[in-house]
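Next up is one chain by itself, shown in structure tokens, the form predicted on its own.
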Amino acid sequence: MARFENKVAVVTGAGRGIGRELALLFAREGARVVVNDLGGGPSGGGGDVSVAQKVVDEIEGAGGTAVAETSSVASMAGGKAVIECALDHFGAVDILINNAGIIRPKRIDEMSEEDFDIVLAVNLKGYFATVRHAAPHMMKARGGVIVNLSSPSGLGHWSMSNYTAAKEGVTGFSRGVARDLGEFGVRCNVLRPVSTESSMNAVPGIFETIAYAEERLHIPPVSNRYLSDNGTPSGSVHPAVVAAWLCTQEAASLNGREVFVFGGHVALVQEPELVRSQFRAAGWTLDALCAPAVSGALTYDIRNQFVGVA
């Protein structure tokens, strides 16, 4: 029996890239798949219903079962429509993969309110919209898996503070959902993938955000260290496989956790923790915190971490 036989999987942003690979993989493994994609551009706007339908045609051509759904998840109505599509066609929603996303690179002093709002609407609120409408059905079924795609950009990315905020918001949101739904047998985890095949790579200015950080500021483009693919091409297939793995019984012990994938490199991300702790029975005053012994202990080896030469 295929790993996802008799399961219903919903994948948002499934018309291209990681989402497409996931939809195809779920179908090959026996799932009935809702292929959600507005068919819009990687910066938002537009729409092409044929994008989702092409993936459905590919699945059906290989003997699988799928249906296209073309709502925008940036609204509550859109998120509801995606889940209702699964219920109307297949009678359940067992797996929800939130993958839809857009980017609008701008330095913070040049970023418009629209640039900020639309990126958060798609990349963060859109995840809430689908989870909110899937949760009651998963709770009633006493089981289900949710995987929300974050990004290494959430760890910090020059000229991408809107996307950074959204993707790091996804991580915190997922931790909360894991706690809300864990008692009902529903798991929610985060995947931080790197993919060189993302349609977002076509957005004007995206590669400049990386080059400027590396060449002018002399800092890693994302995170606080350079990330490695371990010499394996970092396309969409590897993130799709890891996301699917998170939905298997083999990953059943993971809930509210993050997994990183970049080519041949996969890793469980360490939970945030307090480090370099200092204690003072009388509490803190500004003078006490500014004492060299205390300030030195708290800031040791991390001072000037992101100060570059522009």
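It should be emphasised that the depicted structure is a prediction, and the values quoted were computed from it without experimental measurement. Just count from 1 along the sequence shown to find any residue number.
Although it is not shown, the form predicted together with a small molecule is what the next lines describe.
### Query
Just one of 29 to 37, 242 to 250, 56 to 64, 272 to 280 has heavy atoms within 4.5 Å of the small molecule in the model of the complex; which?
After filtering at 4.5 Å, what remains is 29 to 37.
#### Entry: All of 95, 173 and 256 within 4.5 Å of the small molecule in the model of the complex, heavy atom check
No residue of the spot touches the small molecule in the model of the complex.
#### Entry: Among the candidates 186, 129, 102, 86, the residue which, in the model of the complex, approaches the small molecule to within 4.5 Å (heavy atoms)
Selected residue: 102.
### Message
Can you tell me whether residue 138 touches the small molecule? I mean in the model of the complex, with a 4.5 angstroms heavy atom cut-off.
### Response
Taking the distances in the model of the complex, the answer for residue 138 is no, it never comes within 4.5 Å of the small molecule.
### Message
Can you work out whether residue 197 and the small molecule are in contact in the model of the complex, taking contact to mean some heavy atom pair no more than 4.5 Å apart?
### Response
Result yes; residue 197 sits at the interface with the small molecule in the model of the complex.
### Task
Spell out, yes or no, whether the shortest heavy atom distance between residue 152 and the small molecule in the model of the complex is within 4.5 Å.
Yes, residue 152 is a contact residue.
### Query
With the cut-off set at 4.5 Å between non-hydrogen atoms, does residue 164 touch the small molecule in the model of the complex?
No, no contact at 4.5 Å.
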